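Single chain ahead, written as structure tokens, the form predicted alone.
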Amino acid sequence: MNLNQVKAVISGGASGLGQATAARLVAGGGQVALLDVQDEAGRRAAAGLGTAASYHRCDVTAEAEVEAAVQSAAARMAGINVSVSCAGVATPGKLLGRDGPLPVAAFQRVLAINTLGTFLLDRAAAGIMQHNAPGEDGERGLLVHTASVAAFEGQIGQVAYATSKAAVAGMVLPLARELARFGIRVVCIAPGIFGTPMMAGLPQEAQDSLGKQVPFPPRLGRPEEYAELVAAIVTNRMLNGETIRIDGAIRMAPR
């Protein structure tokens, strides 16, 4: 589809990759609904994008909240044809840490936000997209997942995060195959080391050191570069059922 046809719901839209994606889609003439639990940041981000954007409070782990936010967004934009799942956490933790085995609740929380949250947004958005009028090639919608290079090269201390992101990538092909009959594509992006709010918590020296580990360009990825890839996926219908790495050729070491 063309960018000026986009009616997108974006989880984690108040900051980082989600906010950058919203800005790119609006710049292309589309409409966006930002889903997040950061009320102040979400409202501010939506206001900064003008009348083409709106904010909807949504805990992605709560089925009822996701359904309500997606329905509200669809009512405001007169439909939905794109969803982008950017909500996520990267809470570290070793299976056998200094304080003993990793708490089950800590593992479950990461999977709930990263994996279940992606599934719930897919479920709500696809439920609406299936009824869209078909466009060129019969396309009705697009679901974009956000995994991580940790899905393939998880480091020590990333057992929960790597598991959650591997699952996010693993959902893509079966969903793309299932939803093909509706003309709904499913694509996953696996970012490397990006300058997001999660990364901002590290000292600048640590961020610079991580950036230098990237072969080329030797720096942290920028949210705007992720957003440009989303825009390219939107406009290229042959991209389907695939996970695309955007990582500067980095391959993560064990630690």
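Fair warning: this is a prediction, and the values are worked out from it, not measured in the lab. One-based numbering along the sequence shown.
We do not show the form predicted together with a small molecule, though everything after this point is about it.
Remark: of stretches 57 to 65, 23 to 31, 211 to 219, 43 to 51, the one touching the small molecule in the model of the complex is 57 to 65 (heavy atom within 4.5 Å).
Interface residue remark: T146 is counted as part of the site for the small molecule in the model of the complex, having a heavy atom within 4.5 Å. Using a 4.5 angstroms limit between non-hydrogen atoms, V234 is distant from the small molecule in the model of the complex.
Within this chain, L17 lines the site of the small molecule in the model of the complex, having a heavy atom no more than 4.5 Å away. In the model of the complex, A167 stays away from the small molecule, with no heavy atom inside 4.5 Å. The three residues V70, F119 and I184 each lack any heavy atom within 4.5 Å of the small molecule in the model of the complex. Only one of L179, I80, A87, A160 lies close to the small molecule in the model of the complex, with a heavy atom inside 4.5 Å, and it is A87.
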